[in-house]
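Take a look at this single chain in C-alpha cells; it is the form predicted alone.
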Amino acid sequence: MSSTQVRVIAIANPKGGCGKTTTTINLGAFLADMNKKVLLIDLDPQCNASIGLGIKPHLLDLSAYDLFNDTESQVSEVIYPTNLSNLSIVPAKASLADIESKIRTQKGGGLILKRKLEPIVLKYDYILLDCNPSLGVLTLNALVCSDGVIIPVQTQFYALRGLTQLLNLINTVRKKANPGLSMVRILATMYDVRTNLSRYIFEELQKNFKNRLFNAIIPVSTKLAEAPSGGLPINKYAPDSRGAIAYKQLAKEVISLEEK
C-alpha cells in the first residue's frame, strides 16, 4: 500500500497508558494544520481517539466495527468529519472489542483493513491508525496495511515491557505479509525532566534505538491530559503549551521522513 503520495502509519504499543491515542490525535491535528489531508482510524474499543476529537460513539450508526464485521461495507461509509479542517476519522465503538474473537481464526482475517483501505488510500496524505493495547488481530491488520509504525514509549518504569514482542511481530509481518513496512520509529513520551528515571529510560532508548528515535520528546503535561475532555487536540486547546510544541516538532519530523 505504500505510495509516494501517502503514508499509512500505525501508532502501536501493547502496553497501555503510553500515549498512543494522545500521539495519534495530536500528530494528526498538526499534520492537518500543515495542510496535509489526514484520516485517523480508531482501532481501540475504548474509543478514546474518537471521544478526544468530539465524536460521541454511542450515537453512531456505523463505525470501524462495521469494516471488520461486514464484507460489503466500504470505508467511505464510516468516515466522519471532525471540527478540524483536513482531519477526518473512522471512529470506534465499544462493540469493536467483539471483533478479535470473530476474525481471529477467519481466513484472511489479518488482511481485512488493507483490502478496505485500498479504494481510498490515495485520497489522503496520511492515514493514522490508533491501535488497541494488544498484539491481537486488530493490531495485525494495522501493521499489514501500514508502511510505517510509531511506537510511543513512556519514560517511566516498565516502559520497555512488551516492546520486544511488538518488534518481533513487526519483523514477522514484514517478512510474511508486508515488505513495505519500512519505517519503525520510537517516540519518547511522558518525559519528566525532574526525575532521574525519565532521564535513565530516555538514555536507554537512545542506546538501544539510536537512529530510530524521534528527536521530539513528549513531556508530562497537564494540558495534554486535559485537552481530550473538551474534544480538542492540543493545538486548539493550548497551542503555546510544551505539549503542543513537542507534537508540532513530531509532525515536522514525520513530514521530513516522507520527503527523504
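Don't overthink the numbering: it's just position in the shown sequence, from 1. Only a predicted model underlies this, so the values are computations on that prediction, with no experimental measurement involved.
Keep in mind the form predicted together with a small molecule is missing from the figure; the text below concerns it.
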- Message: Give me the residue from 34, 220, 213, 60 that has a heavy atom within 4.5 Å of the small molecule in the predicted bound form.
- Response: 220
- Task: Sort through 64, 53, 27, 224 and report the residue having a heavy atom within 4.5 Å of the small molecule in the predicted bound form.
- Result: 224
- Item | the small molecule contact at residue 190 in the predicted bound form, heavy atom, 4.5 Å | yes
- Task: Report whether the minimum heavy atom distance between residue 248 and the small molecule in the predicted bound form is within 4.5 Å.
- Result: no
- Query: Does the small molecule get within 4.5 angstroms of any non-hydrogen atom of residue 239 in the predicted bound form?
  - Reply: no
- Message: If we define contact as a non-hydrogen atom of the residue within 4.5 angstroms of the partner, is residue 18 a contact of the small molecule in the predicted bound form?
- Response: yes
- Message: Among the candidate stretches 65 to 73, 35 to 43, 203 to 211, 224 to 232, which one is within 4.5 Å of the small molecule in the predicted bound form when only heavy atoms are counted?
- Response: 224 to 232
